[in-house]
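In the block that follows, a single chain appears as structure tokens, in the form predicted alone.
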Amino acid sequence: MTATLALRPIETAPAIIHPAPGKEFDWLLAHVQSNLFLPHPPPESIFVGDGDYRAIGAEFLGHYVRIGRLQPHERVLDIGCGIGRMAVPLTQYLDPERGSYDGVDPVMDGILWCAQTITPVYPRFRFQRLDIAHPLYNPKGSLPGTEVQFGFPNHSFDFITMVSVATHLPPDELTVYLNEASRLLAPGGRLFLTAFAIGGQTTGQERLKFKRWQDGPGWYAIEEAPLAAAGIADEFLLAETQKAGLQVESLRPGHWRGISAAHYQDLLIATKPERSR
């Protein structure tokens, strides 16, 4: 069983039981990783982190379905879609008539590659650039991170993914993203967010040594570039998620801590409550 962080008393979403993915899904993950006909950007253009592009995409498709309960007919928003690392495997899973995918990112080169390579073959996969200012990814951006608004109507999505986005945001901007995710999720929709959640269980990790960012809830691992690897206090992350109107299901620790886990970063799953009758 996958471990979860020991959380302080919070209201959690009710458990929802879905059939476990079977052998056909295992085949699909292997297919995504090995199919040379699937789109793949030039290696020198990949800016979304280290590791194998295809393998990581297949890994997260597995997490989306097994942990996030993503269904083929659902509407997906990928915040920080980069150069399509999550979009490419999702082309093989989402229903081409009922499912949909929208990806947003501040890096123009990634959006152009996705729009020119993926959308012509998969028209329900759409990409748009938002000129969000970020000291590493878009230093000349015109939109401050604290003023971010994603241009979609309320309740437009069933599943929102933020993979390695919180790890590059200061706390005040993360709060804005959480509120936008809550606005955009339909009742019953899920937020799938990865983070470095700093609390009392961060000893034993190997690659990162976080230091507190002044007196606030933010932490950094690289002093000369704090947003290259940003941590967030787990209490703050949980509280802000709930303030945004989402119910936290779990916060699963990742193997960056030096423990055995299915994923590297910590993984938050939160649900938009159903409408009250």
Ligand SMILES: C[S@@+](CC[C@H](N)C(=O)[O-])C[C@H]1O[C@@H](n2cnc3c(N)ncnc32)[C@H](O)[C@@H]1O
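Each residue number is its position in the shown sequence, starting from 1. Please read all numbers here as calculations on a predicted model, not as lab measurements.
One more form of this protein should be noted, the form predicted together with the named molecule, which is absent from this view; the next part is about it.
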_Segment that reaches the named molecule in the predicted bound form - one of 89 to 97, 152 to 160, 166 to 174, 68 to 76, heavy atoms within 4.5 Å_ = 166 to 174
_in the predicted bound form, does every one of 82, 105 and 132 come within 4.5 Å of the named molecule, counting any heavy atom?_
yes
*Answer with one of 113, 137, 122, 192: the residue that has a non-hydrogen atom within 4.5 Å of the named molecule in the predicted bound form.*
137
